[in-house]
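Laid out below as structure tokens are two forms of one and the same protein chain, each shown alone and named structure 1 and structure 2.
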Structure 1
């Protein structure tokens, strides 16, 4: 049929010579693609060979190069790299000139990098005359980087001193790699980098993601099922004698505190096997307890009676350590400073009061700081007071002398709010059955809305939770717990089990698979994963 000169695509007959970079013939190899996205076979094989070499499998790498006929690097590049690592600057410059496909500017900048090291090495070994000669005859004529030339001149005066230490040679090779086009010297660890990129992408698109990194595998795409979100009642706690209004896990996830219309609060312990047991009953309030607040290091807890007093308790002993009260005033909310040295409370006269630990009032902010049933949070080392100041407004008040106030205004009445652990976000529950996520760090901005649950008559609370606080959970008047994906607002789960309105939820900060809910049906449900891990 055809001889050498006959028709036929050149690629089928042309062999890659070992001193050329494969890309020189890439025009004819271009149709050697693998997969369906145009991945070039030559590049793919070179990446694998590079990965093998960097894992230490030199022989395998070389064998792959032989068998595929695709060289990782032409030998001149290998020689060049070795010369750099050995510090043979002059020879490396010769090799550099032999690498034909580099263009002039790359050759110049690379020469500069190499000669700079030569210069520094000469200075470091107390050879200023030779260093100066290198500068004058080799570096300056490159006519680039004049500022650096100026700096190098001044360094001539510092022969042998610390500031002329040359860089480690592996760093020099790395710098040169960055100057060369990527198909000449493959960036270090490129294959691993591509794999890690893919893993990141998979994780980002997983809306149920609620487990730690150790579970990812390269063999299947990462895709959590709903099975990573707590959805099964593992335990029902029935120790309260009336509606349970509030509950919260401690910061360290070892305890849970709940408060009830039965005028008591209970501290529960989370045991190592995941079971929750009663630790202390906190009795003594004369009114229903509307909320609790854990101290920053979880050794104490505040309980707030409805328009009544605030009590401070020791968690280990269950003893009441102090009572906070002011004549003729009832408290409506309570909160610790991040240092745990002060207590803040909202009062029925719409003021906010700051107390020391012994029950002495230190300061108060009189007007319009809070409404009758309210939440209160402190952030920024005690500098900012966050409260519901009017029915549809949240006030972020800066206590410092020149501080200003920032207001979040909603179009509907606000029922409750929660501050995120990192104090940068606010979840606001509204009476129109929406929960709004606001960013309060920097510009105040509404980020997302969560819908589907029922709120009309009662105070219902929402919380953040799960791995990286990726989820939002809320109670609802239809007796269910609702869970949304924070980023998109997608409703992921509704958990049935309670027989009364669910007032409050809390996600265990140290166990993304444990969620607690408090209900008018007098019980607390502990939710966990729907299967055994």
Structure 2
């Protein structure tokens, strides 16, 4: 049946002109292999021709086919494609049946796509009787897509009203292309996809890739150097009056918070020039401040004293908004729900408590959900509580009514843990001077080990970081910062500069070239690149 309306933009190659093309050279049509990996020459040449046509170099693609003797598509495919673009639905169905290598299921599915467009075109041109005849005598006998057939039937009853329009014919051809085997109709953009895949593999295998600026080239293999890892001390912050135990960048990377044995916490601001400056000093705790936790939108922050109270602060004003405390219990850890409407805390009686923002206790879970020195995290829309429940065990507790517990058991005592940004992975620091990477989504599985740093007496914390969180950084009791490649466990850098044990590291989540470390020497080091891009 002839087409109605304008034809969509041409895609790929269509009819091959027979004019001004040189005679075919005597090149073998056999499946010769090229390169060291046994790439089939026929497939390789077809991909190049397909890419040339996709880029608009139609004549060049035709010359390649003629000279190589390797056609991009058999003539029946070219004819079929042109009939689709012209809207010649009946002729295209005849051509479809001539493609002998297609199995019956592909022929049926492709016929349905073609006949659906024929049906919609007839309705659109105010021919409901012909459309109904196509539906009854051509579409229904295919005995597939029954729900869609019923939808098409309802359209006949709505003839004359606003209704579904036929797709552009180039889109119909693309839909058909996805149904055909790739050796019959090459998937769109296949060569470009292979090139992009190769670039991705090169970047993934590069231990130092840590740049948002694309420097990949097709002319050379991708290879970053150590200069992409923050390894130079750019700034030393010295506002704390005692050991700095904890620090954490805000989710938006605009602030850094630190806590200290001096009973204070500090909110630092990351300025546009990369310099870090003091914004607020948070005072009021009666004991050293062990940790901080940013709210999901970074407008508030929690501070937790050592077996003390938890305080909630406004980041902009520095004002204390609420104090969380319970009888004679001390708090040992704190965190937010993902929505920011609840606060969780670990207590000295080894329980976990959930509070509303006003400091009212809503629920608690006793029976050794946490230890006296503990990390605490919430994931899965607030459903799962992750805590150190025994010296060598981490509990992933489902607090829903029918929830259950999953346990990660280590062979040595746990020092600390941290969750990845996507909440699918867990870094566990151990007293045997190892850090373990666990996958916790789906089946729990140990993926990697990181070694080289020193941990025996103190709480030392590690973190994920860098571009796509491809690195692991940790403090160490030997006054250094250690950085590993997350995928392989390869130790990439050891950063010297502190004069006391490094207790905690934090990587800026929006700047892969900014790392912070907190130390017993009372300072915070801001690390950056050895050069400026």
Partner chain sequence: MDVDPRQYENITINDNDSHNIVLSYLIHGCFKDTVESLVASTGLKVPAVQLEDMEKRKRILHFALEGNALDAIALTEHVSPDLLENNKDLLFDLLSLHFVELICSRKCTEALEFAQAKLTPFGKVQKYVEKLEDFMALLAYEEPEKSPMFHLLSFEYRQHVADSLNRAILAHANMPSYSALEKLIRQATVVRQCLSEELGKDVQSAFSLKEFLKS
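Numbering follows the first chain given and starts at 1. In this text the structure is predicted, and so the values were computed from the model without any measurement. For the two forms, the rigid core is made up of the largest set of C-alpha atoms that agree within 1.5 Å on superposition.
Structure 2, rather than structure 1, originates from the form predicted on its own. Annotation for residue 318: C-alpha shift under 2 angstroms between the two structures, rigid core superposed.
For residue 118, a C-alpha deviation of 2 angstroms or more is recorded between the two structures after rigid-core alignment. A movement of the C-alpha atom of residue 424 falling short of 2 angstroms is seen between the two structures when the two forms are aligned on their rigid core. Comparing between the two structures on a rigid core frame, one finds that residue 196 has its C-alpha moved by 2.9 Å.
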